[in-house]
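Okay, so here's just one chain, in structure tokens, the form predicted alone.
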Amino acid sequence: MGEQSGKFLLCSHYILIFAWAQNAWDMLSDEQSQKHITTGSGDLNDILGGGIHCKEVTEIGGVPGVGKTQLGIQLAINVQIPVEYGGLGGKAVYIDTEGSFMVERVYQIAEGCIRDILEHFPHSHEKSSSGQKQLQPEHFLADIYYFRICSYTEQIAVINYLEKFLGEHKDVRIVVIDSVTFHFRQDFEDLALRTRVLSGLSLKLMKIAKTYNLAVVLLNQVTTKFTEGSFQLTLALGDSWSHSCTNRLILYWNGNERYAHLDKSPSLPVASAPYAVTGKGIRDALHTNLREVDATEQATTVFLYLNVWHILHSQIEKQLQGGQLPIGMDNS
């Protein structure tokens, strides 16, 4: 009986796999028909192929203060732009591991989004019976489901719970995790186990993005890494984590200007674009210089963008010369 049950389960598994099969033309048509979530910056949208893609996992990394959380909040607001105004009309899940989600700032960004809609569509909202209700900051805030996470065990539990939650809230179109790395860097000592756990979580997030037709956005921190006799700055959690996303966007400082660098994409060229963090949220920089970069320039650009960390480098070198282990050093 046990052997028969095993064969039945195996056959059922094969049937499900073949039932999910798609041809390439259908996949292309589906991708071209997908709407994107605007970032609030036209230049940033351009290098992303229109904005943040649904059915994909996008990683956004950078130093503190460069605007990662601002962009995460902006996306949680912009995903709610009604369909009649060119948006998705969806809702957002925001998983906060660092406590950086500020409701007052969310309200400001929602107000900025509404002002932009009214500037582009000055009379459209009056024609819709639901227009007045939709274009209120309170409505935008009410459609963000917020989870505060205080440990890696809670983070694992919430991500495992997401499938059930999304099955009950089918209008969610984006999941933002801010940041995906925080608790795993602070509390996880077994690096091999950490890699396995994170691999399992990344596979689950990819499946969620595909199954529920939504965007998953992972905000990531940076860390120092000692390789080949020098210090380099890289996104946290090591090389194994770098395969856990479809797209990677690195935010960096270029002098006093913020820039975004598309470091990884299966269908888009490597490119950089300036952006600004304003009172209304993420917007175009005053002086734009959108450009594509070649592979050689990419290799030098990605690690030069964090010029604010040069002081940290010199401090670490002094500590090593003195025989001290730098505090917070991450060799992952």
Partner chain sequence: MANMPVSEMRLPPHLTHLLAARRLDTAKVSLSIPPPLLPPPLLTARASGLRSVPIQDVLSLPEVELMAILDAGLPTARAAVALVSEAACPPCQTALTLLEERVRLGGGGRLATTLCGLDEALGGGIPMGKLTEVVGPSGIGKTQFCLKLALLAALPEYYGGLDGRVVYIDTEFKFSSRRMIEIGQKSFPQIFRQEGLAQKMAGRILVTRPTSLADFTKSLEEMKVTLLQHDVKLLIVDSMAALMSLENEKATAGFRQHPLRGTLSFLKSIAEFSRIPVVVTNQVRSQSNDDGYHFSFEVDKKDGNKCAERFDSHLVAALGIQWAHAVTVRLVFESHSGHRFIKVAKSPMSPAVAFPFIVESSGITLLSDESIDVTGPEITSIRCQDISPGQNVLAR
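Bear in mind the structure is a predicted one, so any value in this text is a computation, not a measurement. Residue numbers count along the first chain shown, from 1.
Another form, the form predicted in complex with its partner chain, is not on view; read the next lines as being about it.
Query - Triplet 70, 98 and 138 all within 4.5 Å of its partner chain in the predicted complex via a heavy atom - result: Verified in the predicted complex; spot residues all in contact, yes.
Query raised in the report: Would residue 41 count as touching its partner chain in the predicted complex under a 4.5 Å heavy atom rule?
Result: Residue 41: no contact with its partner chain in the predicted complex.
Query raised in the report: Looking in the predicted complex, any heavy atom of residue 164 within 4.5 Å of its partner chain?
Result: Residue-level check for residue 164: yes, a contact with its partner chain.
Requested in this report: Tell me, yes or no, whether residue 196 is in contact with its partner chain in the predicted complex, where a contact means a heavy atom of each within 4.5 Å.
Outcome: Result yes; residue 196 sits at the interface with its partner chain in the predicted complex.
Query raised in the report: Using heavy atoms and a 4.5 Å limit, would one call residue 251 a contact residue for its partner chain in the predicted complex?
Result: Residue 251: contacts its partner chain in the predicted complex.
Query raised in the report: Within 37 to 70, which residues have a heavy atom closer than or equal to 4.5 Å from its partner chain in the predicted complex?
Result: 62, 63, 64, 65, 68, 70, in sequence order.
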